[in-house]
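Next come structure tokens for two forms of one protein chain, structure 1 first, structure 2 second.
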Structure 1
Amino acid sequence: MELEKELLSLKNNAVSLILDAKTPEELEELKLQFVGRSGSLTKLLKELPKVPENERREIGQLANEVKTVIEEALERALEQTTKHRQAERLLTLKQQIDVTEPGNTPPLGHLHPVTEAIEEITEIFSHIGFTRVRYPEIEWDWYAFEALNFPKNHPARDDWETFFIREAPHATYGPMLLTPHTSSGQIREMLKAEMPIRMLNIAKTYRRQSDVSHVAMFHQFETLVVDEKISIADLKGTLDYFVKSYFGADRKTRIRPYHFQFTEPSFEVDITCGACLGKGRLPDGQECKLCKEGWLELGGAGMVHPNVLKNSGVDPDKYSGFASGFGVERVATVKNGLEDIRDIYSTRLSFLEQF
């Protein structure tokens, strides 16, 4: 019965010490002192085998109860003191914060100038009924060249410095490549055979090139309109509308005869220069260095070649169409007066923040 007394007094002693403890550290100490490996309760438990057999069961039960009571008391107290400590920390923190001090505004970004240009172009063309579409960036030769009226091994293909993919050529569509222009979208759009067509295809394009006016990955926007009785007047009107909306109402457009395999007739599209306003000379009489005699080159356009219509399953006797293809980076740099296209892909914030 000696052990029973000792157990009970140990319990009272431990619980009152636990209730008095103020910090988690003090409680950790008490834990060691009572229920740790060489704690006083652990030591008492080791006496248990010495208790006469008829009392052992009862004393054993009591010992377990004491252990549970102490452990639970420790747990509860630990929770409380930790909470208390957190509350105290928060209070001192609050006292240190001056809530009347004006805050620091976090820096706010904006869309990349190329994304901004794509959104603006999409919006402008949507007002005259064009639908934006997307086609694969990894394409077959047939869509990118052959259906566009470039015979196999035709030298005109060299102007599109194409990246080819190391894959076995397709039996019908030929080698696999990265789209060197958005014109492949013309074929895919016409093959859908939903007339009339007013397509705006904006996509990434790839060519093996890099200098002040070229990068290896750039974006193009391609228009395609196919219906009965589409004429050059429709093409010119659409280009004028785009140029005035994007660059400003004072800009003029002209088309110059040119050659593309997939259009007949074909044109290059120029707009008046924003610096000399199409005069070729600045007000002080100096020659304008930004343009050629008042004009800036924008891109290509033309009336869809009858072979291209046929290759896409469209009857050239019933339908005609026009198409145009411009560089997104090109129009964005012309609009913003930039000289080096590579700047637009630099990560210099001081440059990008200007837009």
Structure 2
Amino acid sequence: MELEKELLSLKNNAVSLILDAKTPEELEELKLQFVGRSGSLTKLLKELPKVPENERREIGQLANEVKTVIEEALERALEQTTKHRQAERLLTLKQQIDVTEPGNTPPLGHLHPVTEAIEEITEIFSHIGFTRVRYPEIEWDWYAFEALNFPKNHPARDDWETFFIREAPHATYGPMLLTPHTSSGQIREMLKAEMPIRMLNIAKTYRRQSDVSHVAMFHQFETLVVDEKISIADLKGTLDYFVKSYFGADRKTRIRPYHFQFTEPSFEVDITCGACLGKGRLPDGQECKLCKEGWLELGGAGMVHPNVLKNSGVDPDKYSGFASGFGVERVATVKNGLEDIRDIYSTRLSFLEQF
């Protein structure tokens, strides 16, 4: 049987060459030579149909055995030559390493600017008796708007301003939504807490806004103080303490009359500009482009509205309070002199390494 002899000869020849091979590249060439698409064994297998039918089964089994032997020999040899090459590279590397040289210090990361701001804000308010709390990011309309004195037709309750969730409305609390402000925490805190209250609520909030001064998801920190005989003087003193502690002792605050549904009276809070130090002009006489005549808008504040106190089960004839709300990203960008709030969520290392 001529084909049988050729198969046995091919096997012996292949195994011999495989054992003599020294590199993975040589083995790859032998693989193509014997079992590749145009290899010697592949060509012999094409001769099987010419073998007499009574011998074809036996020759076919032999051909499969030859193929298996060659493939296993290739696999073992490749494994050995690869290990040998790796050992040689390791030895060469060890010879090249100067153990007396100082090692390379790996780069160290740091907390994100927003996380750093949250930790600093928490510490500042803890020094004057505020307790940090957290409330749900998914909220009901009643806590977010109704109890905070928002009328039914207020623009903030429109789906162009607020992210509403496709869920069946609650029989008492109305539609479900992503909380648009930490002010809903005022209601939850007054409903559960005993007087007096000194609350600091820091949480993620969501609004359908995105521009140089707004992002769709951001963090707010809310202060709430409720006690007997709380006045605007207490509010202003707290604002001054925070600003001087966070931004620096040379910074000042002012409050301007404004309107919020849940405070009365209400104020916008401004801080002196860090670039021109409240003068509106830079040292070279140029007009400061960062601020408005020396002032930067920081957030909102005011005395808690009597209706909000009533909705939270607090007697407005006995207790009064103040609240303030600021964006964490806002105060962080003002402190670091950034003009576009969206930069604070940049993934560029060149930007993040500045902090």
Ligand code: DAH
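For the two forms, the rigid core is made up of the largest set of C-alpha atoms that agree within 1.5 Å on superposition. Note that the coordinates shown come from a computational prediction; the quantities given were computed from them, not determined experimentally. Each residue is numbered by where it sits in the sequence of structure 1, with counting from 1.
Visitor: Structure 1 or structure 2: which matches the form predicted together with ligand DAH?
Guide: Looking at both, the form predicted together with ligand DAH is number 1.
Visitor: Would you say Gly313 moves its Cα by 2 Å or more between structures 1 and 2, aligning on the core?
Guide: Comparing the forms between structures 1 and 2, which are aligned on their rigid core, Gly313 does not shift its C-alpha by 2 Å or more.
Visitor: Does Leu32 move appreciably between structures 1 and 2, meaning a CA displacement of 2 Å or more on the superposed rigid core?
Guide: Yes, the C-alpha position differs by at least 2 Å between structures 1 and 2.
Visitor: With both forms fit on the core, has His154 moved 2 Å or more by CA between structures 1 and 2?
Guide: The answer is yes; the displacement is at least 2 Å.
Visitor: Taking the rigid core as fixed, quantify in angstrom how much the C-alpha of Lys46 shifts between structures 1 and 2.
Guide: After core superposition, the C-alpha of Lys46 moves 37.4 Å between structures 1 and 2.
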